[in-house]
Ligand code: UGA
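Quick heads-up: it's one chain on its own, the form predicted alone, in structure tokens.
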């Protein structure tokens, strides 16, 4: 089937290459001319494992094309996926400017039936607004349907998540729209959940907020463990064996970040409050997450006494491994706090340093993780890259001026650190090593 994607960011580009992989003919649109030039050359504008390979493969097969005109998307695809950004406003409400603009352009160029599909994360009732906007601006009697098909991809495993999803959710209000979406997903081996448009919209926000709640609960448990002498990893392991709870996302750390959880939690709270539903539980998720990094900073300050003129090594800048995404990354907030305190920073990340330079050009960007530690008074681990887990801690100790490590992701070998007498302070665990 011929399908169009409006917006070639993380969601849109992954959607385009993965549907091309499933045999569909894809046209992806983006108005960023620099990004578009890179895409046409087979270069992904962001780091995602497997992306460049699929991008280049389907540019070669001809199943994937790019354009800078939304009008081309309306003409090309029988179904049009809207994958534009919905950033948060200062009040936490989703900014729907790009969604509305896409709807208007679709309407003004609609000549025959099209299925318009929300793929971006949108507040409940957006489908109704999309339908109303297209109906207002459409010329003639061209027919259309609006559907919701939320994505559940994780940055770093987005290709795998899209090609082999746990489930596909389609929100529709017509048999024709359902039939088209079932045809689009015919090559996917997973349950297809058919709901109303509004229910599909809410499933996405509710899923992300619940996962954020699990992370936040683990971080709250970590605070209790530190106060009581328990070990948070032992506690969540025991909890996670209960199939009703599960182990996924019960990881204590310095807080979640990225393009989804912070935005979606705030948006769900805003939606609830607009509908006069108490949102204190959802607001607490966000507030607790933000305070988790502050506690980590205070732990560093307490251990190091004076941060001014101290040299701190930082491992990991992206909000999670296998991505170069810095949106809401805890490491960037920590850098701001440490710089304000007068610390000197030596940082490393396997892929996110080029993006970080745009925000913090004055940092020392290390050649590798060991170089970051050279002469540092302490090391802070902010992203649990596998490369850091595998490093020889003896080399880390030899490189540091003072063997103090703040493990913000509980990813380093505590037993080995104890053998080397490295002072290691994790999350939800007692410190080990010499004072």
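Positions refer to the first chain, counted from 1. Computed from a predicted model, the values in this text were never measured in an experiment.
Beyond the structure shown, there is the form predicted in complex with the named molecule, which is absent from this document and is the topic of what follows.
- The named molecule in the model of the complex is approached by residue 257, whose closest heavy atom lies within 4.5 angstroms of it.
- For residue 250, a non-hydrogen atom is located within 4.5 Å of the named molecule in the model of the complex, even though that partner is not displayed.
- Looking at residue 197, you'd find every heavy atom of it more than 4.5 angstroms from the named molecule in the model of the complex.
- The closest heavy atom approach of residue 215 to the named molecule in the model of the complex falls within 4.5 Å.
- Contact check for 31, 106 and 109: none of the three has a heavy atom within 4.5 Å of the named molecule in the model of the complex.
- Just one listed stretch, out of 361-369, 189-197, 230-238, 203-211, contacts the named molecule in the model of the complex at the 4.5 Å heavy atom level, and that stretch is 203-211.
- A heavy atom within 4.5 Å of the named molecule in the model of the complex is found for one listed residue only; from 126, 356, 121, 162, this is 121.
- The single contact residue among 153, 307, 284, 351, judged by any heavy atom lying within 4.5 Å of the named molecule in the model of the complex, is 153.
- No residues of 20-48 lie near the named molecule in the model of the complex, the criterion being any heavy atom within 4.5 Å.
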